[in-house]
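Structure 1 and structure 2, given next as structure tokens, are two forms of the same protein chain, each shown alone.
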Structure 1
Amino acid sequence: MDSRIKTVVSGITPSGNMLHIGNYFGAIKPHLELQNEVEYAYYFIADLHALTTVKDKAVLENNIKNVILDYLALGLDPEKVVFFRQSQVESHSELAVILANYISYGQMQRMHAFKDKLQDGEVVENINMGLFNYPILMAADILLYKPYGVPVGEDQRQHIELARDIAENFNRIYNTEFFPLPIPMIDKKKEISKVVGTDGVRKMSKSLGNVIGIFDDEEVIRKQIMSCFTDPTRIKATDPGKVEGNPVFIFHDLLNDNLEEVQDLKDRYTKGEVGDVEVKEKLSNAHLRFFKDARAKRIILERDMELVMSILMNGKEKATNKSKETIDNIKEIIGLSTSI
């Protein structure tokens, strides 16, 4: 890792109910590793961002609760990470309003979130301004804590580039080096940064129904695994099968701690000596072993919401102190200080 990266910032949007293994290997695992490698880590629940798609109060509250519990159960350490809800730190919204003055309308029109909606057939007049301004709020989320690194997936690279553009514009206009230019920290390993779904074609996504959960009931997870596509050219269990690119074996490599078993399954699969059912059953067992401790911890946390709330309140206090310092400095630079 770049030795200059001492502070990292990342948000988790609670747009879905429960997390899946694509979330874990694509974002959560890197987050958990980084908490042991940097001096300061700010991880927040991006509940303001979720408003662009979630318009039901009960659904949003449930999503937020689940993401918080999931992250803590999976190993986020509140002693090492400032963990909080975005909406509870007012500086995020305040800085977004300020930063909107340092980027052009034309550049905002070129952002993927906006363009993707148009390509999906949405009429411009129907696109909400929350979605259109999403990248500006994300830039504020990042720049508030003045990080050098931002752990994201490849699909978020453009948003980090926009944050850099805004920071550069601000620094140039006021002849300052106030904002460091953040760099996207993207895992180069394709199988990690973009976990394929159970359909074997598209990225794992709740909306596509091609996921393997983490905290769902055991039977639900088993059914998800048993529905996985394998080698489409393999008609019978005695036919030689292809391991490379096969979703079930991709998941085995990620989840199965019994390396000898994985190698044995691969060898037998390529020779046509093992059926898909056995391969999937062993994957199901491996999944439950891999997340056993996290699943147990989540049950304990859900029974002690006072502890969870105290963690978030502590994170809110730390994030508020840091972000207020940034906002006060910005106001001094641009002429909005409270000295008059």
Structure 2
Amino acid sequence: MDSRIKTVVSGITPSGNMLHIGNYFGAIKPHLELQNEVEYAYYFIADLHALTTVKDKAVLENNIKNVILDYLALGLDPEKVVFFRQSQVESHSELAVILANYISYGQMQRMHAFKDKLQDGEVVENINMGLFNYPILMAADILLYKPYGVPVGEDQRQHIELARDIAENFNRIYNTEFFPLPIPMIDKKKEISKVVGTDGVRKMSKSLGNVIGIFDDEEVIRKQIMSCFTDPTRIKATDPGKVEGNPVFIFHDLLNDNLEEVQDLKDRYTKGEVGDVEVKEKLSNAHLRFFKDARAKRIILERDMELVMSILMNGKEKATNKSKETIDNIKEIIGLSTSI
């Protein structure tokens, strides 16, 4: 990793109750690696973003708590990372209001989240403005910390490009280099930047119901794995099967630390000498081994919510200080800093 990297920023939206392995490999794992390599890492729970879809108070509160616990259990180190809730750092909302003035309505209409809804047949009357404005709030989340880059999965690329466009517009209008242009830090391997779902077709996503969880009950995870698509052209276990692009083997490559076992399964699968059940059972076991420590840590953490809260309070304070400084500078540049 480039030793000059100073700051990275990223967020996870608590729109669902638990993280899945797509979130882990596409976002969380790179976040955890970066925490040891950069000078400043700002990672937050994008709870304001969750409001675009979650309108039930108890559900939202529960999602937020779970995602926080998941993140910490997976290895986020609060000594190295400024870890906080977006809604508790007011500059995020304030900068979003300001930045909306530096991007056109036309460009916003081309953003995927909005466009996909229209294409799915949703009428504009039913699309809330939070969803339409989502990328502007995300640009504010990012630009507040003036980062070098933003580690995310492939699906977030367009949002980071918008943040760059907003930053460029702002810099041009005020003839300044105030905002560095953030780089999308997305893994080059598509098996990682866009982990396929158990349907073997679309990206793994909580809204598509094609996920393999991380912290769900063992039985739930086993069922998710058992429901995985494999090689659709293979009818009997004695038919030779295809390994490449087969989701079960993509997951083996990601999760199974027993490389000999994986190679043996691949060899036998290609020759038609192993059934799907054995391949999936070994995958379930590999999953449990892979996340064993994190699962144990999560149970301990959940018993100590005071510690978790103090981590978030600390993050809130640090993020508030840093982001307030940026907002003050922006107000100075645009003409909102005088006291008259």
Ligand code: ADP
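If you superpose the two forms and keep the largest set of C-alpha atoms that fall within 1.5 Å, you have the rigid core. Computed from a predicted model, the values in this text were never measured in an experiment. When a residue number appears, read it as a position in the sequence of structure 1, where counting begins at 1.
Structure 1, not structure 2, represents the form predicted on its own.
The Cα shift for S104 between structure 1 and structure 2, taken after rigid core superposition, is 2 angstroms or larger. Positional change of Y174 between structure 1 and structure 2 reaches 2 Å or more at the C-alpha, relative to the superposed core.
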